[in-house]
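First, one chain by itself in structure tokens, the form predicted alone.
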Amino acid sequence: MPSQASTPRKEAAPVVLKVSGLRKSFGEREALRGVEFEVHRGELLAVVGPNGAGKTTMLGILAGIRPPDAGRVETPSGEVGWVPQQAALYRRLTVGENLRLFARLEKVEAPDAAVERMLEQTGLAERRDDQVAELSGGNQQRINIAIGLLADPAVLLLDEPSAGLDPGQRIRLWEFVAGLAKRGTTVIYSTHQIEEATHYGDRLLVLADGESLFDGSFEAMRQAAGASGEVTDPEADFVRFLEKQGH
């Protein structure tokens, strides 16, 4: 069971997604074992853990593209948007053409209006006629996220959104994602970068071997690991926590 340590959750905001007893196996391997948590409107939840922890499997279930073996995913506030790690873009099409195509594929109401809204929201309005292949990795990831936002979801799921980006691109991407949360979109993202999670997450959900080990603030996780004093090496604190939990 995850830790019940205090965390700066946005308790006044409504719950937009609730996970109860989530289980998933692939043959004899248990990818998820009774994971449960909830998130509120406008929260940034960082899902962290070693390779094989179950992060991508969990996000796929939350997105509805993979069924669980047991458990429930409740989304009382509406749609869930899904952004996989690999950008699902047509590189020979322009930015605007990509957004328009996906808006129609997803049967978004008023697709042209949705495209205009996404171009403004992502700061790519001036690049609407540029071929995707000509854009930087950071801008391509923005388009990928815009596709996930076309249906105006209450919750946006991001799988390793900053993978492959240089430091400047990562900063710009996270500024954009933080802006989404400020406007009320709940963002759940997986990452291997513990520093990224501590800087851009309202709280951490730590998975290892399919189990939820912790749900709370980074500082509370440090305390659970026996760390004290000023933070000098977040990665070392995280590894210490995992070792203390037997992982």
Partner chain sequence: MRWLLLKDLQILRRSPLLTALLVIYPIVLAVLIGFAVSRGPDKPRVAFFNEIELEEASEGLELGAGGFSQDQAFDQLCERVECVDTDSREEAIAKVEDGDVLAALILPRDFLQRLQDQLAGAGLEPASVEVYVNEDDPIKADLVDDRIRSLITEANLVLSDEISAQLLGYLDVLVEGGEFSIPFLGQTIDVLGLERTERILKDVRSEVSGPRREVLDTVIRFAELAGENLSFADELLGSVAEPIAVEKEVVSGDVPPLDTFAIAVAIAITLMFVTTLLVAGSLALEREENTFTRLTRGLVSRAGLLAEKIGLGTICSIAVALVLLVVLELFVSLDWSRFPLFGIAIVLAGAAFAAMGSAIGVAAREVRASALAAFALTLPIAFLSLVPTGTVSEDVYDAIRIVTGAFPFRPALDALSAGLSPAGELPLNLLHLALLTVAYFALARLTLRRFA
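Residue numbers count along the first chain shown, from 1. Worth saying up front: this structure is predicted, and the values here are computed from it rather than measured.
We do not show the form predicted together with the partner chain, though everything after this point is about it.
Q: Taking heavy atoms only, is D159 within 4.5 angstroms of the partner chain in the predicted bound form?
A: Looking in the predicted bound form, residue contacts with the partner chain do not include D159, since no heavy atom lies within 4.5 Å.
Q: How about Q121 - does it come within 4.5 Å of the partner chain in the predicted bound form, if we only consider non-hydrogen atoms?
A: Flag for Q121 set to no.
Q: At 4.5 Å between heavy atoms, is N139 in contact with the partner chain in the predicted bound form?
A: Result no; N139 lies far from the partner chain in the predicted bound form.
Q: Heavy atoms within 4.5 Å of the partner chain in the predicted bound form: does R72 have any?
A: R72 lies outside the contact set for the partner chain.
Q: Ok, L165, A154, A87, L135: which has a heavy atom sitting within 4.5 Å of the partner chain in the predicted bound form?
A: Residue within 4.5 Å of the partner: A87.
Q: Looking at L93, I171, A113, A125, which is the one with a non-hydrogen atom within 4.5 Å of the partner chain in the predicted bound form?
A: By the 4.5 Å heavy-atom cutoff, the listed residue in contact is L93.
Q: Out of the stretches listed (34-42, 59-67, 212-220, 194-202), which one is close to the partner chain in the predicted bound form, meaning heavy atoms within 4.5 Å?
A: Result of the contact check: 59-67.
Q: Taking heavy atoms and a 4.5 Å limit, what residues of 136-160 are near the partner chain in the predicted bound form?
A: Going through 136-160 in order - heavy atoms within 4.5 Å of the partner chain in the predicted bound form - the hits are N144, I147, G148.
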